Every structure is written in C-alpha cells, then in structure tokens.
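In structure tokens, one chain follows: the form predicted on its own.
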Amino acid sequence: MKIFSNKNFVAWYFVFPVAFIHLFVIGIPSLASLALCLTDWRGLGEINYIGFENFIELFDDRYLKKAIINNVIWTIAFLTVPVGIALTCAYLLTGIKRGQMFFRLAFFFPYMLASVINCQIWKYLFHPIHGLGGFFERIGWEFLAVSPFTTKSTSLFAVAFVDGWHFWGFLVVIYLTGMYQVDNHLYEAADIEGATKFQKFRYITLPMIRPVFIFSIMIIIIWSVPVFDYVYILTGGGPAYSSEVIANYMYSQAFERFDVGYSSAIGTLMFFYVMIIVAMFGLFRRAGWDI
C-alpha cells in the first residue's frame, strides 16, 4: 500500500513504541506529579486539594534550603574541577599518536561502570578500618583515619569527588572529539608565528570547540539538579543533612515520610528550574551563540 511507503509513516512506525513507553513511564507520572503538588496526598487514601500550601511551606523548610545550597555547591564543583581536568587531558591526548584508544578507554571506563559499583569501590577504599583509614591509623596519621563520607565538613565534597571521578572521562571523550574537528592548518599557522601551546589552546582550540564546550556546561548544570544515586548510596544525605541534595530530600519526603504532595512540590520546583536553564540556552542560541 502507498501509505506504508510514506517516509513519515515509516519514521513514526519506529518511533511509536519508544514514544508509547516514554509517555506511560515518564510523561503521565510527570503530569500526575504536577497535579499532586497542590494536594496533601500521603500515598494512600483520600486526595485533598490544598492549593499552594506546599509551595508556601517550601520557603520555610530549612532542610530544603540546605539541600539547595548543597546543589549549588555541587554544580559549581562540577563546572570547575572535572571540566578543567577534562579539557587539559583531552588537549594532551591530541598530541598522542600511539595507544590513544587505550587512554580513551581508560578515561571512559569509570563512566561505563554502574553507580553502585563505583560507590562500593570508594566505600571500601575510604573504609576507616579495612581501607585507607586503617592504613593511616597504623602509620600514626589518626586525623586521616576517618572516612570523609561520615564527616559533616567533607561528606558532600567526598561524594562529589567520587561522582566527578566517574564523570570526567565522559567529558574527555566529547572534548577530544571536538578538538579533532579543528583544522590543523590553524595550528600550523600558529607554529609559524611562534605561538606557545597555551596560546594555541586559548586562541584556537577553545574558540573552535565552543559549541561542544557550551553543550557540556549546559548538561552539567541540568544533570546537577536531579543528582541522586551517588548521594543516596554513599551517605544517604548525612551526616546531619550535610550532603543532602534536592533529589535525595524529595525521595525521603515521598518514600520515607509518605508526604507525596510535598514531594511533588519539590519535584515541580526542580522541573521549572531546569526549564529556565534550557530556555536560557535557547535564547543564547537564538542570539547567535554556537550551541
């Protein structure tokens, strides 16, 4: 039949199964969450409409404010350390001709591991008895024998370090891909002018990979909002909410305190924040930015 040979029909034929699953797994629950944020539903029983009371409560919730501050710190940390290390390593890798695939796999391998495995590796590594803590205690460095995951002043940064260790290899790969798109004639011209490696990196490499770089900044900002798995596995948000983030706090409200309405309000807040970030980058794109 002619309809089956239509290109649009063929495209939708293959897209429909994924779109159907996405609708029922993500779309409908998301819409339900937007509706439940205006209720006091506890997960079971009657659903009562309470208007914007949940959102009013958000502004008085000191634990949520602490989680938001931790999310901001998390975002700043990921916009600096992993990005800086990944840019440096990617630029250095462009000068390696032999065995480059080995280095790519070595950097990307932590990203391929499941978060549970990554967390267990670092949990055992920082274990106060069987890991580095026990080693430091035996050599007399008791101040380093405590696991950073169990200390209020270091728990958030320790979890961010583990997540960054898993994530920065992904950035290396995408930056390296962008750097290989740069025309070699630009570097040759810079060599003739006597430019240093740093000058070539600053005035040629960075401007030429700007679309990839800005894209990485965007995904880091967006992915830093729903960060959950590493915090939940390593610290559970503790000790004393020192590593609590918004997604972890939302989970505890929904599945530990059974305050589904309030949890949905937190999720709605996250949703609008991400939409604002996406809209901002969309405006930058319309303004002529290469994104």
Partner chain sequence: MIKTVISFVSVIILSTSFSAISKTKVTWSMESNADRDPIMIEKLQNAYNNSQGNYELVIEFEDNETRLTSMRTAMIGGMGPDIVETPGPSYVKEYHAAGMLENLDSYAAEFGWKDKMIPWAYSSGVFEGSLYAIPKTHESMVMLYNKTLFEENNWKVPTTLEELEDVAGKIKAKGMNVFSYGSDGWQPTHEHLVGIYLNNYAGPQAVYEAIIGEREWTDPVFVEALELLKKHMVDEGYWSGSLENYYAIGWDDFHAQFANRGAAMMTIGTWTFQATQLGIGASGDEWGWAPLPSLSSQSPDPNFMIAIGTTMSVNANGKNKDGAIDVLNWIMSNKDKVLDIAKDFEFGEMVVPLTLSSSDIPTDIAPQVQDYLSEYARITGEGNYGYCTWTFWPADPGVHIWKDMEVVWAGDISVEDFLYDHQKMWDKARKNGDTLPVPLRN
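Every value quoted in this text rests on a predicted model; they were computed, and no experiment measured them. Numbering follows the first chain given and starts at 1.
Omitted here: the form predicted together with its partner chain. The next part is about that form.
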Candidate stretches 72-80, 202-210, 155-163, 141-149 - the one whose heavy atoms come within 4.5 Å of its partner chain in the predicted complex = 141-149
Quick one: is residue 51 in contact with its partner chain in the predicted complex, heavy atoms, 4.5 Å cut-off?
-> no
Does the 4.5 Å heavy atom contact test between residue 128 and its partner chain in the predicted complex come out positive?
-> yes
Does its partner chain come within 4.5 Å of any heavy atom of residue 56 in the predicted complex?
-> no
Hey, in the predicted complex, does residue 257 get a heavy atom within 4.5 angstroms of its partner chain?
-> yes
Going by its partner chain in the predicted complex, which residues of 40-56 come within 4.5 Å of it through any heavy atom?
-> 41, 42, 43, 44, 45
